[in-house]
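Next up is one chain by itself, shown in C-alpha cells, the form predicted alone.
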C-alpha cells in the first residue's frame, strides 16, 4: 500500500514546498482574481430574483446567495450578479482543490467518467472491472496508517451509519460465537424487538455532529434544531473537553478538564452503558459544534478506554480529513499507540465511506452491509484525482505551512481587537482555524460585513467563526483575507 501522501517533511522542506505551492495555485488558476471583485451588493438583484423563483419549487431559506459555478474559479466563488468573493468556506469544507480545477475537469470529461455516470452500478452485486484499481489508486492509496480496507458510501451521514452497522454486527457476532442465528432472533427482529434487534448503542460526545440520518442524528449533539421532532435512539453521550485559550497559559487547567472528561467517559461506559456500547465515535475537531479541540493525550486516553472495554473507536474525519489540518488525516496528529478501528470520510474527498483494518468488520453474511449503489464509481474517480493532485504537489505539507502563516497573522491581528475576536484555535492544524465572536449577533454582523467586502466565510457552534479554505489557498490569499478581516473589525 502506497503511503507517500503521509510522509513527514522537515521545516526547511515545508518552506520550499510553500513556494512551490504558490506556483501550483497560480499555474492551475492563472485567471483567478488577485482580490475580490464586487459589482453589486451580495446578493445582487439578479441573484435575489433567481432565489425568489427557486423558492417556489425548493426550500431555499438557508441560501447565502445564488452561485454561478460556471464562472467560479480557484479560491473565488462567483454569484449570479458576477461578484467574485474569496471563499474560505468552500461549500461547507467540501471543495478540496478549488472551483473548476482543471485536473478534475479532465477526469470529468474522460470515458471512465462517462461510463461510471451513465451506468451507475449496484456495486455490491455488479462491481466494474476497474473498481478495485480505482480504489487502490485513489481512496485506498490515501488510507490512514493501519487501514487496509474500505467500504464506500454516498454521504458523510451514510459513512457514519454504515460504520455503526459494522460495529453492531461484529459485536453481536462475537457475543453469538460460532452459532448461527436462532429462531427467536429471526422472529423477534421482524417486530423490532430483542434479542434479534440489538440493544447495543453508539456513544458520542456533547456538541458532536455526525450527520442527519436516524442513527447519525442520534449521535449528533451540536444544535437542537437538527434533532427536534425526530425520534432518537436513547444513546449515551460523554462530555468533550472545554479548553481555555491560549493553551500555553492554561496547561494545568486544560489537563484537569481533559482528565475529568476521560473519567466521566469511563463512568458512563461502565454505568449507563451497561456493557451495551458497541462503539464510540469522535471528531478530531468538533466542527459544527464550534471547532472544539482536545489534545493528543486526551484522544490517546479515549483510545485506551475503548481498548480496555472492547469498544470500537470510530474517528469521524468527514470534515477534518483530506489534508486540511496539515496531515492527510487529522487523527494522525495524535500518534496513537493503536490505530482507531474505523475512520469515516466524505466532504473534501467528494466521495464517502469508512476505512477499517479488522477484516471481521465486514459481516460474515452477504447483503447485510448493502444498498443499491454502495457509493459511486464516479465519485471514486474524483477522489483518485484529488489524491493524485495532493501527492504530486505536496499539498499536505504546503497546507501546514500556509496554515502557520495564517494563524500567526490572525493572532497578531486579533491582539488589536480583543473585544471582537478571542480564543483563536487551530495552531499547527493547517488552515483548520477558528475563533470566537463575543456573541451570535456580533458574529452575524461580522459575517455579513465580510461578505459585503468580498469574503465568503462561515460560522459554527454558538458564536465561532471557522475557516475552511481549499488546498489551493496560499499566502497571498491569506493576506487578502487578513486585510479584509482587519477592515471589518476596525469598522465594528
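This structure is a prediction, so every number in the text was calculated from the model and none was measured. Numbering follows the first chain given and starts at 1.
Here the subject shifts to the form predicted together with a further copy of the same chain, a form of this protein not shown in this document.
Not one of 282, 401 and 438 is positioned with any heavy atom within 4.5 Å of a further copy of the same chain in the model of the complex. Only one listed stretch (247 to 255, 412 to 420, 296 to 304, 180 to 188) carries heavy atoms within 4.5 Å of a further copy of the same chain in the model of the complex, and that stretch is 180 to 188. Checking 333, 141, 221, 357 against a further copy of the same chain in the model of the complex, a heavy atom within 4.5 Å turns up for just one residue: 221. Mapping the unseen interface onto this chain, residue 456 counts among the residues with a heavy atom inside 4.5 Å of a further copy of the same chain in the model of the complex. By the criterion of a heavy atom within 4.5 Å, residue 63 is counted among the residues contacting a further copy of the same chain in the model of the complex. Residue contact check for residue 26: none of its heavy atoms lie within 4.5 Å of a further copy of the same chain in the model of the complex. At a distance threshold of 4.5 angstroms between non-hydrogen atoms, residue 131 is in contact with a further copy of the same chain in the model of the complex. For the partner-free chain shown, 212, 213, 214, 215, 217, 218, 221, 222, 223, 224, 225, 226, 227, 228, 229, 230, 231, 232 of 207 to 232 come within 4.5 angstroms of a further copy of the same chain in the model of the complex, judged by any non-hydrogen atom.
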